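A single chain, nothing else alongside it, follows as structure tokens in the form predicted alone.
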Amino acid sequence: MAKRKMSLNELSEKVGLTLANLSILKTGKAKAVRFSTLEAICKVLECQPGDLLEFRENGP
């Protein structure tokens, strides 16, 4: 988003997600993400899924 100089509000409007849901995704608090949502975000930001996702192990 920073590279595209796009605000969370603008991305929310272009992707069709609520600001609250997009914020949950951005902060890493989401338990899952739909492929259609990931696809929409990637189209708007002109990026690949790997640019947005990272693997984190759960628990100890």
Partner chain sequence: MKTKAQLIFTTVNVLFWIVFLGLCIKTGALLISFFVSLFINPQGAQNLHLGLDLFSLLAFDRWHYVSMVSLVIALSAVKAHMAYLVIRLFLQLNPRQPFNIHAAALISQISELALGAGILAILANAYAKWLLKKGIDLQSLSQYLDNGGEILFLAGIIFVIAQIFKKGVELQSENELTV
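As the structure is a prediction and not an experimental result, all values here were calculated from the model. Residue numbers count along the first chain shown, from 1.
This protein has a second form, the form predicted in complex with its partner chain, left out of what is shown; the following refers to that one.
- The closest non-hydrogen atom of residue 21 lies within 4.5 Å of its partner chain in the model of the complex.
- Contact annotation: residue 45 falls outside 4.5 Å of its partner chain in the model of the complex, judged by heavy atom distances.
- For residue 25, a non-hydrogen atom is located within 4.5 Å of its partner chain in the model of the complex, even though that partner is not displayed.
- At a distance threshold of 4.5 angstroms between non-hydrogen atoms, residue 37 is in contact with its partner chain in the model of the complex.
- Residues of 30-52 that come within 4.5 Å of its partner chain in the model of the complex, judged by any heavy atom, are 30, 31, 32, 33, 34, 37 in sequence order.
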